[in-house]
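Only one chain is given next, in structure tokens, and it is the form predicted on its own.
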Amino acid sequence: MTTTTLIGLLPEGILAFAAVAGLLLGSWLPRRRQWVVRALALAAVAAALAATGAAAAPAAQTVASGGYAVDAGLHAARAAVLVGTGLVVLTAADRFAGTRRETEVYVLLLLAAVGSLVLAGANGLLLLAVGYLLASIPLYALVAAAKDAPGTEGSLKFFLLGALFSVVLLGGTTVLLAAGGATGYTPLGAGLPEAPPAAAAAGAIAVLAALLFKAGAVPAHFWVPDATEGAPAPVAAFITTVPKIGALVAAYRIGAALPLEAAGDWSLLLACVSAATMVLGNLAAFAQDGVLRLLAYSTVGQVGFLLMGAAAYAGSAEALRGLLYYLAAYTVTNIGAFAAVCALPRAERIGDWRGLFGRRPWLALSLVVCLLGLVGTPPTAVFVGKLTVFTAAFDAGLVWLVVLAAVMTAASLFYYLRWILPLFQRPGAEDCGADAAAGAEPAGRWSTGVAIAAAAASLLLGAGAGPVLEFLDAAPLAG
């Protein structure tokens, strides 16, 4: 391995080394001192962020014999994945501190984060498959970490669908190798124009299907509500946020690198998936009374909006930077909403949150900022992200998709308001029973801090969007 490759893979290497070191360290530490592994995980995330900042200046390049792209797409994905992982590790402290599985949780989170980064940087199908598996297998165990019936059901459904789409991904890779004569995106791009269009289309659709599973998009979204509701809330925050970053950057990279339009209208296919995902996710969220299932379907709807950036890859210069910025905004905002849920784990229904503003105003305000941020309300970061991908889709000629997205954005406001309004209402007589305690229980200290920090970050990122967008606009993809 050359020095250039080592430097290019430094953030991923730091996380992988910390995962192994944390596993060894945790096996020797007594249960009351497992927090040392948490500190190690946070130190690794901070070191990887510093390495990402240092590597962001040079021009786009490929390392590992062209198999891994170190460019603006990877830099932005690294920043979002690392920030998201750090926030989840902090949030998990309230739930797992002093438990038997504390070390394993942090180690599995780090390994899944490495897999998400490999997905985002993969410049070939074989490395894409490696990233897919690394971003999947640790999460199957994490969803079942509570060892209860809902967790087991969610993990089983997640695992079975994940295994199915792993086979689909490997099958698509095999078909594309046979059709194009290579697995690297650059040589495959040269070989596919001579391949039978049906074979190229079948292989590409199979690879896309696996990425849609990782992103939680239609038609591979069935695991999302059950896994989100069954998993411990910090794990739910991770599985509905971090793997999406790698999967969506990978989907964009494949569309931009391979001549798939010769085998069919790839942009239209992504646009149709985007439309179906945002409609299903937003409409299904209306009927939810449980906050975790509401957030689960909310994440499905958000993937629909994010896919608009991938669908506009060929028709707009705004598409890439819009997608990357939206991913960063979505990461802090979605984890902020989940952190509020982690702070009050017994408040499982929307009614349990009635009157929270009177008891915990900062936590309530943080949740309001995050939920309105998910709607796309100014001046939050998601508003800028949505505006940018809407512009990209409009420039790419997907006007019908922009209109549908605007309607779905307006519709989403109603189910988020179903949760926001009770926060400011007085508890009624029906809330004075045993479960009034659900909303009045002591809030988790770490989760509350993360919720407040994420809400502040969403506002700051929205107000300071200009420099970030300029940086993303100045750096093209490698390959």
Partner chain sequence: MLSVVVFLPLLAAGVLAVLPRLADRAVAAVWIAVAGIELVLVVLLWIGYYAAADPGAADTADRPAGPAGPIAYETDLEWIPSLGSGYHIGVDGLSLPLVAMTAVLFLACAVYSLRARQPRMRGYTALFLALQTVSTGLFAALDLLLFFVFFDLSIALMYFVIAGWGHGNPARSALRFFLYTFVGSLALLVGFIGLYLAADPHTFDMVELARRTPLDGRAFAGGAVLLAVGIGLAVKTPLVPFHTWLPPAHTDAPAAGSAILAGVLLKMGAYGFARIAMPILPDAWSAWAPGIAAVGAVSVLYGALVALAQSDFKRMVAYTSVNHMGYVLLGLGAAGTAAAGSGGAAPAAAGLAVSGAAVQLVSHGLLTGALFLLAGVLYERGGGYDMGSYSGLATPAPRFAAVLAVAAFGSLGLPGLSGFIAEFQIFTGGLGLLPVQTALALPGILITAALLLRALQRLLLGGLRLPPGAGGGFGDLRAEESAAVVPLLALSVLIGLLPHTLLDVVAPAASAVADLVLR
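Positions refer to the first chain, counted from 1. This structure is a prediction, so every number in the text was calculated from the model and none was measured.
This next part talks about the form predicted together with its partner chain, which is not shown.
Interface residue remark: Gln61 is not counted as part of the site for its partner chain in the predicted bound form, having no heavy atom within 4.5 Å. Its partner chain is not drawn, but in the predicted bound form it has no heavy atom within 4.5 Å of Ala276. Taking the partner from the other structure, its partner chain in the predicted bound form has no heavy atom within 4.5 Å of any heavy atom of Ala202. Among heavy atoms of Ala406, some come within 4.5 Å of its partner chain in the predicted bound form. Leu469 is the sole member of Leu469, Leu25, Leu10, Ala16 with a non-hydrogen atom lying within 4.5 angstroms of its partner chain in the predicted bound form. Taking a 4.5 Å heavy atom cutoff to its partner chain in the predicted bound form, the contact residue among Asn334, Ser366, Ser155, Thr388 is Thr388. Exactly one of the stretches 450-458, 43-51, 415-423, 29-37 approaches its partner chain in the predicted bound form with heavy atoms within 4.5 Å, and it is 415-423. Contacts to its partner chain in the predicted bound form (heavy atom within 4.5 Å) from stretch 321-352: Arg321 only.
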